[in-house]
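Below, in structure tokens: the form predicted on its own, a single chain.
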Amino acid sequence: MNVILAEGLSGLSGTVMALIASLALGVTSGLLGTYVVLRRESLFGDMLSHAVFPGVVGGFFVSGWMARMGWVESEKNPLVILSCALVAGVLGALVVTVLGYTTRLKQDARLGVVLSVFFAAGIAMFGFGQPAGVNGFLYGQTGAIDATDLVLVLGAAAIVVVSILIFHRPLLVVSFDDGFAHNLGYRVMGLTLMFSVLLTMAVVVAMQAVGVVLVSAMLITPAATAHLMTDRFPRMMMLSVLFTVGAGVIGTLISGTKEGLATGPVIALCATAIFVTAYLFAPRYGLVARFWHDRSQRKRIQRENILKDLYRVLEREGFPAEGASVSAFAAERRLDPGSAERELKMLEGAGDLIRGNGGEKLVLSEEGWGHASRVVRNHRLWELYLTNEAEYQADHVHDDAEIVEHLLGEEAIKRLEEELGFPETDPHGSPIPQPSSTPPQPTS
């Protein structure tokens, strides 16, 4: 079957084969990488990429021996090489698991031990025999993939995709909480072993594209990028595949423009470029988005604090029809006239404030009254909650309320009012305003 498929694909050009391989590797690595990131086992993929190296070198030796015996045609039979690499990867995963059950070592220490020992064994084996072709697995050679290699890549991709379609839910539950998965009746050890085998298979076939050293970049970087873009796991999987495929295709095309330009590093750099773009411009978790969100939050809190203090001035003076004086507002805020004027201009710009009597009198607009009464209501309800339910002293609740008043949503406030019995005054006897855009009837 493999021979028939290889013969059917042999008519394709090297560039087309490289692109198809990049697509298949992108799907494989993108899907599995999301689970790796979710399980917080990024170093596990790096361990596997190094643990398979002695299997690769051993595969060259075994393939050469089998060719001399007449059992295979080529001394570099890809099926033999990748099979030996798969065995080495699974063995490395088993060693990590055994060390977890038999020692007190944390997972990062176990992974570090296995990674260094297996990779050192591979380097020693390579130095002993120095089989030709191993460098391609170290640095990646997507452009050198032939029809037989492509069949193996496509086969591995098909196995991974089918396995994830069948076992997606169990793998997801185990990734989130293996104890909960055990209580649900899932065979956690079996699922973990199956995932390790799938991940090893993905690492083995990805080695031909990006090499042993950089294969973890295909697994981790695109999945981490997708994690910056969304909180929903299905969407994260799709984005991870898209980013992995994009990095693979673009890296393959770029590396083909210059002879001697290794494919693996170029693909890793493309994946990193995509990650940096998402890190800066992701709609929710990007650096720019978080900067603007924090900036808007600071401005909102400042605006609410100004409105709250102006409300207190108006309340203390009985909500006079002509409004409060600028000097009274500055005294409440403990500001000099220039600073007070800058804050008042902020309220005017937001449509919260109306100036009267040549700018010397301050009246809240309907919109400003709605914002001010809401933040004062939040503040006083939370003070009452702390004194009634948490048994705080009335003179110790102000500072906490200053923080929480900006965080409480309307639903939380409604529940708070119901729990407190719809109170009318706070612990200090001040009335709790009701949400409204209409100020109380002013006094003359």
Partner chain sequence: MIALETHDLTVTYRKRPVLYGIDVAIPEGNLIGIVGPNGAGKSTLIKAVMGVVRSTGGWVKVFGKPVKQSLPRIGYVPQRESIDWEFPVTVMDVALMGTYGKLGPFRWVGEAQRRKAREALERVGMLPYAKRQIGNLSGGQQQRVFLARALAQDSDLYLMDEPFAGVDAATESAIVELLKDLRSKGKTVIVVHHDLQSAREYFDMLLLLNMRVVAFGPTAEVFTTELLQKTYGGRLTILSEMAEKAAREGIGKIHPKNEP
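Numbering follows the first chain given and starts at 1. Because the structure is predicted, anything quoted here is derived from the model rather than measured. Rigid core (definition): largest C-alpha set, two forms, superposition within 1.5 Å.
Missing here is the form predicted in complex with the partner chain; even so, the following discussion is about that form.
Q: Would L172 count as touching the partner chain in the model of the complex under a 4.5 Å heavy atom rule?
A: The answer is yes: L172 has a heavy atom within 4.5 Å of the partner chain.
Q: Give a yes or no for R298: in the model of the complex, does one of its heavy atoms lie within 4.5 Å of a heavy atom belonging to the partner chain?
A: It does not: once the partner chain is placed as it appears in the model of the complex, R298 has no heavy atom within 4.5 Å of it.
Q: Evaluate G179 for contact with the partner chain in the model of the complex, applying a 4.5 angstroms cut-off between non-hydrogen atoms, and reply yes or no.
A: It does: once the partner chain is placed as it appears in the model of the complex, G179 has a heavy atom within 4.5 Å of it.
Q: Taking heavy atoms only, is L184 within 4.5 angstroms of the partner chain in the model of the complex?
A: Because a heavy atom of L184 falls inside 4.5 Å of the partner chain in the model of the complex, the answer is yes.
Q: Taking 4.5 angstroms as the heavy atom distance cut-off, pick the stretch from 69-77, 251-259, 270-278, 164-172 that is near the partner chain in the model of the complex.
A: Of the stretches listed, the one contacting the partner is 164-172.
Q: Quick one: of D108, D294, D231, E366, which gets a non-hydrogen atom within 4.5 angstroms of the partner chain in the model of the complex?
A: Comparing distances to the partner chain in the model of the complex, the residue within 4.5 Å is D231.
Q: Which listed residue (L38, L408, L43, L416) meets the criterion of a heavy atom within 4.5 Å of the partner chain in the model of the complex?
A: Going through each option in turn, the one that passes is L38.
Q: I want to check R68: does it shift between this form and the one not shown by 2 Å or more at the Cα, with the core superposed?
A: Comparing the forms between this form and the one not shown, which are aligned on their rigid core, R68 does not shift its C-alpha by 2 Å or more.
Q: R415: with the rigid core matched between this form and the one not shown, does its Cα shift 2 Å or more?
A: Yes, R415 moves 2 Å or more.
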